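Okay, so here's just one chain, in structure tokens, the form predicted on its own.
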């Protein structure tokens, strides 16, 4: 039962990640692969505060983790969003790899061994179900918040900016500020997901936020349906169920990790070629 609850918590957390990434890349049209690093910023900020500043309540730590992710995203966006296409992709990848190296080499973050001994906020036999309820509610809030944003007047402006930025700018609208706002909202949600992850698993490692995590989140968005409200939810459920099925094959760890990466890559290529709109196909 605890195993199933843990998988459900992961699905809820990755639903937040996929939904927020979909806002950035699907609705905003911003090519970036650095989303997991904002997940890491939120997680490490929350974990470090929980360990070293125990008088701050857990909700406050998660909010501060979100704020740290937002600040980092604005700093990146202020320079990286001045370019577009492949240049933005390279800039975001460089930011991710550079920050991962810092996490691996700084002593106060735990270095390559990771950050452990994060205090639990909930104890007892109901810890899992309570965390699942919290993470599930947060995931639903993110999904419907993004849906409200993109279905309103601001969402129409986002679509116009994404589809024809030159014409959008010619009408007197500030495309740069809109890009930064979209980026900050999406990365802030990812930071909040990181805070929930830190409190539930009580251990963080830099390897959890590497390029494989980028591939997994991208696969969830593409598989479920990029630019749809509920597509990332479907993608998160499927992409977290597949690795669990692989574990029953009892493959050695040296084979299992590359196998999962290959599956993510193959699924992205297949769906981009056979069904670019994803499973939901723009229906949600």
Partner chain sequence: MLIFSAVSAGYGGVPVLKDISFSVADGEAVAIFGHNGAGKTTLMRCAVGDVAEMTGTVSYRGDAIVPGAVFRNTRRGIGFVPQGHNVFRELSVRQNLTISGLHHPESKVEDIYKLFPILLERGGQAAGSLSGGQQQILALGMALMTKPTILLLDEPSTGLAPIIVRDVMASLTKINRETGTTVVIVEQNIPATLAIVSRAIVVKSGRVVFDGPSKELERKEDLWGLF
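Residue numbers count along the first chain shown, from 1. Keep in mind the model is a prediction, meaning the values are calculated, not measured.
Heads up, the form predicted together with the partner chain isn't pictured, but that's what we're talking about next.
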**OP:** Name the stretch: of 106 to 114, 69 to 77, 165 to 173, 195 to 203, exactly one has residues whose heavy atoms fall within 4.5 Å of the partner chain in the predicted complex.
**Re:** 165 to 173
**OP:** Answer with yes or no whether residue 214 is in contact with the partner chain in the predicted complex, where contact means some heavy atom within 4.5 Å.
**Re:** no
Original post:
Can any non-hydrogen atom of residue 127 be found within 4.5 angstroms of the partner chain in the predicted complex?
Top reply: no
Original post:
Is residue 160 a contact residue for the partner chain in the predicted complex, using a 4.5 Å heavy atom cut-off?
Top reply: yes
